[in-house]
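One chain comes next, on its own, written out as structure tokens in the form predicted alone.
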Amino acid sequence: MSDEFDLDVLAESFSEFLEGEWPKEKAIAYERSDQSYDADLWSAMAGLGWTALTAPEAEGGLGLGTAAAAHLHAALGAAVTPTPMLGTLLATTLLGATGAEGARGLLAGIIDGSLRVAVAEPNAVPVQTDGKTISGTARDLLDAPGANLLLVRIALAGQPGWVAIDADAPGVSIHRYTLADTTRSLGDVTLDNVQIGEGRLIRPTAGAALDDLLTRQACVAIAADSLGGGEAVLKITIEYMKVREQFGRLIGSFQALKHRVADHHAALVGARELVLNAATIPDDDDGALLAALSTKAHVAAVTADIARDCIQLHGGVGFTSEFSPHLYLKRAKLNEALYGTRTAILDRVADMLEAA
């Protein structure tokens, strides 16, 4: 059995499970809740081993790579699931890059799903620390309000690193922001003389290379999430156009609307190839980060445009909370901003190409 076939089967299993456990009715109902994640869905996903997907086999994980993670995130985007899986992917990579004994203990909790992790972006402003206590604010941590473990970017004696902090530790407070995309949460983490536990100070030796790897994995995952959402919302829209009548005809029979749908389909075919290419480039390839950044910038923008037009193709009901297209648009717009806006990413891509 080839690796490609294995990944296709894996991707199908992701989709089949989520179609049964998280149908659109649940996604629509969840938007009216005030939760930061869905605990039952998270527990079920962990039970299936999804939280162990990319963790090293030596630590009890499945040892699969970025391509497998991309398939998972595409399925999560298609189902608009409220689960903190991106933090799991990044924390697994970050903790696996250090030989600290404390990191191994944290990995075990991530693998079994008992730890939900919020990870600061590698380019986040670091919080200063003396290595024993830490005070300051880590801003805009994705999924921080629902996390029980925080991986905060730090500077110690002028050198970058990370520190793992329990969300309920004394001196930790999290301010949650209200987002239009209710499937995810964002928060500022304020640290007031928080004690750094034994083995919780993480000083990876890889340095900038690890930062690039984390950024690459995040961009691929976000692009895949956007792709899954774009494909799902277009499918929903086509199904609606096959039953909605206007002027005595199915709107799916109108040539102008057919052309719009065809353009969206063609754009998604190209987006899928970009995501698959970015996900399968080896981590140590010089072009891996460039491909991931470019793919994230393009795919996130394309799928946001598609989701916006799919609302219009639904007509007036597309703007109501009873239908799901708005969920995809909100998620797509947040994806555009995560790990760099389109403008910021393209500026970085230009700098990388100029330096090459």
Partner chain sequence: MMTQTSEALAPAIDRTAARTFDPLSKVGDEQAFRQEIRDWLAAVLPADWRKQWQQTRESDLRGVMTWWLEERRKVGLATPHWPKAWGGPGISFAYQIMVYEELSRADAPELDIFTISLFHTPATLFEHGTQDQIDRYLGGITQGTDIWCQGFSEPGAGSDLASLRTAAIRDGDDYIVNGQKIWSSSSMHADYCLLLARTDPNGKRKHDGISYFIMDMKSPGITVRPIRQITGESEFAEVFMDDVRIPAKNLIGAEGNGWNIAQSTLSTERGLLIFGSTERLARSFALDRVDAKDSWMRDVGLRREYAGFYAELQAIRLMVRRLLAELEANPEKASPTLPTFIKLNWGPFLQSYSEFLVRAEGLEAQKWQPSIPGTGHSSRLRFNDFLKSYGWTVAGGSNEIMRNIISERILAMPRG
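Note that the structure is predicted; figures quoted are calculated from it, not measured. Residue numbers count along the first chain shown, from 1.
Omitted from view is the form predicted in complex with its partner chain, to which the following refers.
Proximity to its partner chain in the predicted complex holds for none of N123, R200 and R348, with the criterion being a heavy atom within 4.5 Å. The shortest heavy atom separation between H259 and its partner chain in the predicted complex exceeds 4.5 Å. By the criterion of a heavy atom within 4.5 Å, M241 is excluded from the residues contacting its partner chain in the predicted complex. The closest non-hydrogen atom of L179 lies within 4.5 Å of its partner chain in the predicted complex. Interface membership of G315, defined by any non-hydrogen atom within 4.5 Å of its partner chain in the predicted complex, is confirmed.
Here the chain stands alone, but in the predicted complex its contact with its partner chain, taken as any heavy atom within 4.5 Å, falls in 307-315 among 287-295, 38-46, 53-61, 307-315.
Comment: its partner chain is not present in this chain, but in the predicted complex one of S135, N277, Q246, S114 has a heavy atom within 4.5 Å of it, namely Q246. Although its partner chain is not shown here, in the predicted complex the stretch 28-57 places heavy atoms of E31, R32 within 4.5 Å of it, in sequence order.
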